[in-house]
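Given next, in structure tokens, is a single chain: the form predicted on its own.
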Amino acid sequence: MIDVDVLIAGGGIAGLVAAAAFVAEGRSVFLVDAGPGPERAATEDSDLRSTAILEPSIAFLTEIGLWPVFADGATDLATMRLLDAGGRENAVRTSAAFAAVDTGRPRFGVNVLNAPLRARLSAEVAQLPGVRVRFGCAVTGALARSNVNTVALDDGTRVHARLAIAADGRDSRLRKAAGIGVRRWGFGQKALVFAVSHPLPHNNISTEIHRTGGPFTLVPLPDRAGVPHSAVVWMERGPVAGRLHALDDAAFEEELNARSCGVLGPLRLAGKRAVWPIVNQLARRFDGPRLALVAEAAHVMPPIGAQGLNTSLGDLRALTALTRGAADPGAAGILSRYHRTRYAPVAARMAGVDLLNRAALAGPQPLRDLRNAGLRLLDATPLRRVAMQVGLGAPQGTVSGKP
């Protein structure tokens, strides 16, 4: 039997950050993850998928002492550029650029490679006093009582925790054990995720191109051997994504360059491709007895506008603000306030991402023309300022004080 203040299910980026955040509060933490631990080093041929970290998330990571781990190898995102290529010809017809400097800041955030980040983060968390990490071990059940949540693991271990945190993904076992349902919807899309090299510098500009099927996004990565690189998230309807993924590299690059409209010159694959289903999912509640849901255990949204991990870090910022200094981090009053603080803002953010995705999906020419007119309007009116604040990741659902 193990007794701790906080048990965290899930050893992804959100779970590891949660462990560091609660250790910074002086809590004892046990982190468990069903998968193997991340490799300690990433090779040049490793997974080049990446994640954008926006400024409010950077502030939170700085507060808990993790920002240097994220900053290593990060690429600044100085400008967000939206392009519409939804005309009858596959070419850019409208461009709107939003520069962070216009809001008085040098950047919207940074882009970080996932695989080396998780390896560095895992190594950092494992060295923190008061934390135990166990990979390759799954949650099999949980039973919450008035003062403790008893979590059973598949190696026979039982953990008594005053607070359990579900950071174990969209199929969270802790969420299911608590009987919390979810609402799931989607549009039959998948995302092709990979990295590319290109001859033109990205100049720290993140570019999102809209035609049909979903957005095509190029996000800056560090140069490799002096050659500019970017991460790509290419959303398409499922059958189209499946066809593209099955192509050999030469045929795929031909389709890739047609879709990118040549904005960075000829693109070449730099590493392997992956394809991921796109869903929207929202838990009915973000809390349960002695339980808080964070990250994809609470909400899943398409990779549009860098909202995924940044929303997850917003969960952790709100939760730790409420538990800070509390004698009992799993008290019902704290957890119910966490739900009230986060649920409505996250649902609203998901609705916004959903709307953007519907616009990007547009197939009929009149709808594409309407989207193009909307982009022109956004670029030419005060709504431009609102768009830049969203790009900066204006925090939602923050809290102050105690329940």
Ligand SMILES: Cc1cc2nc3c(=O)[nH]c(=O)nc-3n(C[C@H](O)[C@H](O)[C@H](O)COP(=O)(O)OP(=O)(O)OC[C@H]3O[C@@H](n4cnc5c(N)ncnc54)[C@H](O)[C@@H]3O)c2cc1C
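Note that this is a predicted model, so its numbers are computed, not measured. Numbering starts at 1 and follows the sequence shown.
The same protein also exists as the form predicted in complex with this ligand; that form is not shown, yet it is the one meant from here on.
- Comment: this ligand is not present in this chain, but in the model of the complex one of A119, C137, A321, L282 has a heavy atom within 4.5 Å of it, namely C137.
- Though this ligand is absent from this view, in the model of the complex it lies within 4.5 Å of a heavy atom of just one residue from A167, A164, L316, A142, which is A167.
- This ligand in the model of the complex is not approached by N357, whose heavy atoms all lie more than 4.5 angstroms from it.
- When contacts are judged by a 4.5 Å heavy atom cut-off, T75 does not count as touching this ligand in the model of the complex.
- In the model of the complex, this ligand lies within 4.5 Å of some heavy atom of P303.
- Interface membership of N114, defined by any non-hydrogen atom within 4.5 Å of this ligand in the model of the complex, is confirmed.
- Every residue in the set G12, A52 and N310 has a non-hydrogen atom no more than 4.5 Å from this ligand in the model of the complex.
- Contact with this ligand in the model of the complex, defined as any heavy atom within 4.5 Å, is confined among 101-109, 291-299, 261-269, 79-87 to 291-299.
- Applying a 4.5 Å heavy atom cutoff to this ligand in the model of the complex picks out V233 as the lone residue from 227-247.
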